[in-house]
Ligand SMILES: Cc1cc2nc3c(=O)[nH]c(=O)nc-3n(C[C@H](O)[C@H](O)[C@H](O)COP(=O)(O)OP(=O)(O)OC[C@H]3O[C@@H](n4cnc5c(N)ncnc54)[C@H](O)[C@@H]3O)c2cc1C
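Only one chain is given next, in structure tokens, and it is the form predicted alone.
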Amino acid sequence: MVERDWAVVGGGMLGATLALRLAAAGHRVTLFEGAPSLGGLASAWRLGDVVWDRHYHVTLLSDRHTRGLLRELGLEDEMRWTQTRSGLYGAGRLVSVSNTLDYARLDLLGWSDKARLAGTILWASRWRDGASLEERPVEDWLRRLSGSRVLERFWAPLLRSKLGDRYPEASAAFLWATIQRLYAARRSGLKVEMFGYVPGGYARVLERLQQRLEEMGVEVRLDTPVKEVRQVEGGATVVSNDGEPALFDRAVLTLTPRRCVAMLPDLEPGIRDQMAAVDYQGIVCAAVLLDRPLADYYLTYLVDEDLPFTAIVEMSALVDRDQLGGHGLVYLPCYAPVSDPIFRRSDDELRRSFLDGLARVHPEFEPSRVRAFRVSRVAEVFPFPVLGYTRKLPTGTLGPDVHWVSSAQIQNGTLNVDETVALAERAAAALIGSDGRESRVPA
């Protein structure tokens, strides 16, 4: 293997892991990140007097890629594992759906409907060919397996919470992948959930990851947005905010398709059109620091449709209170395309609306309990899983020496840290094994 100079554009978990693997293979690597710190969607921030993840993240027992990276960073032995519970709010009532007995008591559905719901989840957990579901509309698939009542009362509200009113356009592979991941996280018996986290959250993980990158000789350039990447004779040039083009043997962009298109002026029109056509869902997510924990549900599914957010995630039901200064920490996400009016609402408007919605689900909640409230807006979080999604993606090779590895290439999966790390591992193997000349990443 010939030692190469690689530029990796984007310092999220994807780009940072890819840079780590390229450096481990003996290459010289420069990692460009426009933000002041690594992490992207996994980055941390300060909320009141607490530093924790900007968005909600959790590690499952089955997340072997994440756990492998944490082991490599010397953090896996420090992980804390917790048995979590889940809630469901529908028809104005909050009930537990933490185990099989809870589902049996769920009065949202009749007994025959519950049996079909259980059968759907069991069938999906055992099915292994996700690619075969990419051409199946999720509504048709669920109606056949679960029946119309279960679809309308249970599945449709949950799909709408993640995909909006466009959910009928989605393939069955999207929901299948979600069931696969959550079912794999449960033990035998009553299928109790066990989730884990690293003390200090992703702030600590990313600090250790940056330290490891620098120990391996990677030049980590923070606060350095990239403006342009061009294929040139014998390599690729990267122009960052300092305006000076830097020449590399190879360049890899780890950004969303539309951000890549904006950086690649020489991209072939056909590939440009394919990449620009990949639609993403965005997120407006409020992080709420409370004087004390709210409830004991890590995740509350919302079936009622008139709430301003699409789920309630209470991190303090998972994380020890000593990690949060004794506070409660709740995330209130709303998934929507960037064109949705929610992206243009002010923080004050969102605060009033979201806290009113929280009080509906938890009548005992009082706004006076709020110690800090911050809103994160991200225009592109995960690609919308349209029918035939994989066959519509362009190859990862954008030029002889310019390559693309993106969350858009998580095929038949869901966007989470484990899928992201797995993608980086596959991409690194493809790039290194082929000397960078072909980077189609295996699904």
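What you see is a predicted model; the values in this text were computed from it and never measured. All residue numbers refer to positions in the sequence shown, first residue = 1.
Only in words, not in the display: the form predicted together with the named molecule, which the text now covers.
Asker: Decide if the three candidate residues G11, G34 and M263 all line the named molecule in the predicted complex, where lining means a heavy atom within 4.5 Å.
Answerer: Heavy-atom distance to the named molecule in the predicted complex: all three under 4.5 Å.
Asker: Even though the partner isn't displayed, in the predicted complex is H65 close enough to the named molecule, meaning a heavy atom within 4.5 Å?
Answerer: H65: no, not in contact with the named molecule in the predicted complex.
Asker: Residue-level question: is S407 within 4.5 Å of the named molecule in the predicted complex, judged on heavy atoms?
Answerer: Yes, S407 lies within 4.5 Å of the named molecule in the predicted complex.
Asker: Answer yes if any heavy atom of L163 is within 4.5 Å of a heavy atom of the named molecule in the predicted complex; otherwise answer no.
Answerer: Contact with the named molecule, no.
Asker: Flag V205 as yes or no: does it have a non-hydrogen atom within 4.5 angstroms of any non-hydrogen atom of the named molecule in the predicted complex?
Answerer: Answer no; every heavy atom of V205 is more than 4.5 Å from the named molecule in the predicted complex.
Asker: Looking at V381, V50, L393, V375, which has any heavy atom no more than 4.5 Å from the named molecule in the predicted complex?
Answerer: After the contact test, the surviving option is V381.
Asker: Of Q210, S353, T224, T84, which one comes within 4.5 Å of the named molecule in the predicted complex, counting heavy atoms only?
Answerer: It is T224 that has a heavy atom within 4.5 Å of the partner.
Asker: Want to guess which of 252-260, 354-362, 145-153, 124-132 is within 4.5 Å of the named molecule in the predicted complex, heavy atoms only?
Answerer: Stretch with heavy atoms near the partner: 252-260.
Asker: So which bits of 330-351 sit within 4.5 Å of the named molecule in the predicted complex, heavy atoms only?
Answerer: Only a single residue, Y335, comes within 4.5 Å of the partner.
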